[in-house]
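What follows is a single chain, given as structure tokens, in the form predicted alone.
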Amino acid sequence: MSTTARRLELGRVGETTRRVDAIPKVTGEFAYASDLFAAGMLWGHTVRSPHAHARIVEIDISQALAMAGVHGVLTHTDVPGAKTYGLEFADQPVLAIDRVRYFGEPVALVAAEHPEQARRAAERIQVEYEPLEPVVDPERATEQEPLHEENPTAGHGFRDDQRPNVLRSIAIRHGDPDAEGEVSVSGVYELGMQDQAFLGPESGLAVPDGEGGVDIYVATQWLHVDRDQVAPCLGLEKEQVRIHLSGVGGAFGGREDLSMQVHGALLALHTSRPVKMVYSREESFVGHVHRHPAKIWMEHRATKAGRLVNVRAQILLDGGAYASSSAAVTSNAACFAVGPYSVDNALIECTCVYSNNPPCGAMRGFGAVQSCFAHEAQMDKLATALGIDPVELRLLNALAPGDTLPTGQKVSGSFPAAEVIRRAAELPVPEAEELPRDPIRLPGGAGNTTHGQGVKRGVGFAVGFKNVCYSEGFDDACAARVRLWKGADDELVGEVHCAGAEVGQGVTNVILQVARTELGTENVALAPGSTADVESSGSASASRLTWMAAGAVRLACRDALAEFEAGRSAVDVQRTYHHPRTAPLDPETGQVKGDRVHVAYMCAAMRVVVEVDVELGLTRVVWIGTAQDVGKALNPQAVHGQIEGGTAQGLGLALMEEIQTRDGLITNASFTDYLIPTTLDMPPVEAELIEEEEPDAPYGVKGVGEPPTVVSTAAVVSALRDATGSELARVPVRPDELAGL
């Protein structure tokens, strides 16, 4: 029997390339962090607070220590170094010290021979709590007792706000904030708390090196910042803590903050044994940050012809117990509150508060998702008030290069907002299917609840935009290291080191495509990501990694090749790429203190067709058409995949995804009760890629993962409003709201 050899598909910049991890992932052979194993390893388990807010009176670990198979039980007194850590502000205890501030906060750790032994020992740890009144209503948070005696974010150049529990507040004043228009519309919009809902729960393995240091193998988004937080808590130098990237089962911002890294390392160093930790699904819900719930008041003033005159907004975000990346999310929510529209006057006020609700931080499109839902509802409302087609209203006000944003930054580079709007609007909407039809093709789907009675069709439209890379003066950088030598038959061989985290977005392919393009050879390998072999690549977030990794790898490849061609038989070159510098916002005016607060911008427009059973409140998203500004598509097939995935998360927020809390406690911490879209919920997605290269970016690239999430929630709800005639000012939309109950 003979078989045809499978051709290895390699690719260069601009070519569709098969994912290097595709086959092992679909066949179940891919090694995720939860699959890690080391000889003699122990299992770690975390004791978590059952209260959202309580004082810790006493912790008794004696019974747990006496149990068979237990090798270590740790509390805050066993942390040898810094007692706190944090992604931007070191405000979060490694283990709760004198009180807990959110449901599920880590209080103690156990290491045992078997995971069940560790769980049972954890149950024997006796913690005496004195419950305290929780701060759970963000609208009242600034009137209640402060959750942190000293505001962790104070003194960092933010606007001075003396109210209790203010994490950050921003006021952007542009033009005349009191300017009147001939027509005015306003509304209040709310968004629930969304979970990243990645399929691989937090997991990793910590291995002591026998010399006082530790190697941590973990699913993460930012290896070097993990190390920089973990090492001080362990009382070690950075070089003694090595973080290695393991297989990541999704991230979406939820792995930017630490989970098991420091806990696993503490147990490993205490027991002198490797320690593995794998969160249960319930633990995962409390073990990472979520999307900020928001309440937004917004007013749009315009001329009778439809020109925007003034936009005013008040945005309230709930940051939960600790800062995480809430300061950046607050900035984004404010900066993108007007949407991709030109307006001469604006007043945007955004406040994020501390509370005893679950901590919130980075999630795909952070800050821009919340604002887009509000400003697009407003644009639809304004179009109705003016009797203007919603698409035409958006085109009339679309931002273009040379326009000034409310922050004072001028739009430069590529920003084809009008083209994106036109191309999305031109996509042909599918004809309505005739009745009767298979119930799977109706609202309610497999539930077979309707045969078409009471079903109405709606078409919605939305536009959104967001920044690429980090902002406000953050010196964002990415390092890459390239080794070259002569292999068999004097063939050039290359090896690339880059710590950019492959979290499912396809950056591994991007790195290899760039290296093949620059080195002119297919014989290139990518080394595993590790802090031990290369400097920081930054985080897999903010739509930055394709831009930054492409820049770093291109720079390192070009310099390495120049040295090699100069006669050296082997070279080893590391280079660091920096994008154009940004500047902070003035804390009083919200105006940028330099040329740009954001590196560049990307936009997307989306048209959605839905069917709604207005009697039962059931929905079916029939079709989604989108056009997106992508700069240059390095791997077109991967870009389409990112658009489909990002759209699914926005659809989930629109229709079903919300973490439910009661007095700060999560009540639906499972995929039985927290619903996410399945293949039966997702419609066909038709995407147009608008390639207008960004002049400041390598190869003209932009990020692509966030814009579809930013815009899809607003677009889906716009279609639901068209079908039902209801205001639908909150997401996720509930069935009773669709049925008018």
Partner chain sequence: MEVLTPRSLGEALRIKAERPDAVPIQGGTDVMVELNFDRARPPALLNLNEVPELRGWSHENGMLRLGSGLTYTEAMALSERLRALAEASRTVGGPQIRNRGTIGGNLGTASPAGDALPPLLVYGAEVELAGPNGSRRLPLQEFLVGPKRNALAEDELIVAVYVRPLGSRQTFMKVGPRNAMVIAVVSLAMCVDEERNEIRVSFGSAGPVAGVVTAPLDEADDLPQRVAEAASPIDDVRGTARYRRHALQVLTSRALVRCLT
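Numbering follows the first chain given and starts at 1. Quick caveat, the model's predicted, so the values are computed rather than measured.
From this point on, the text means the form predicted together with its partner chain, which you will not see here.
This chain appears without its partner; in the model of the complex, the one residue of 440, 199, 183, 432 with a heavy atom within 4.5 Å of its partner chain is 440. Contact with its partner chain in the model of the complex, defined as a heavy atom within 4.5 Å, holds for exactly one of 526, 225, 656, 571, namely 656. In the model of the complex, its partner chain lies farther than 4.5 Å from every heavy atom of residue 145. Within 4.5 Å of some heavy atom of its partner chain in the model of the complex lies at least one heavy atom of residue 672. The closest heavy atom approach of residue 676 to its partner chain in the model of the complex falls within 4.5 Å. Contact check for residue 39: no non-hydrogen atom falls within 4.5 Å of its partner chain in the model of the complex. Residues 508, 511 and 559 are none of them found to lie within 4.5 Å of its partner chain in the model of the complex, as judged by heavy atom distances. Stretch-level contact analysis of 120-128, 575-583, 481-489, 146-154 against its partner chain in the model of the complex, using heavy atoms and a 4.5 Å limit, identifies 120-128. In the model of the complex, its partner chain lies beyond 4.5 angstroms of every heavy atom of every residue of 497-518.
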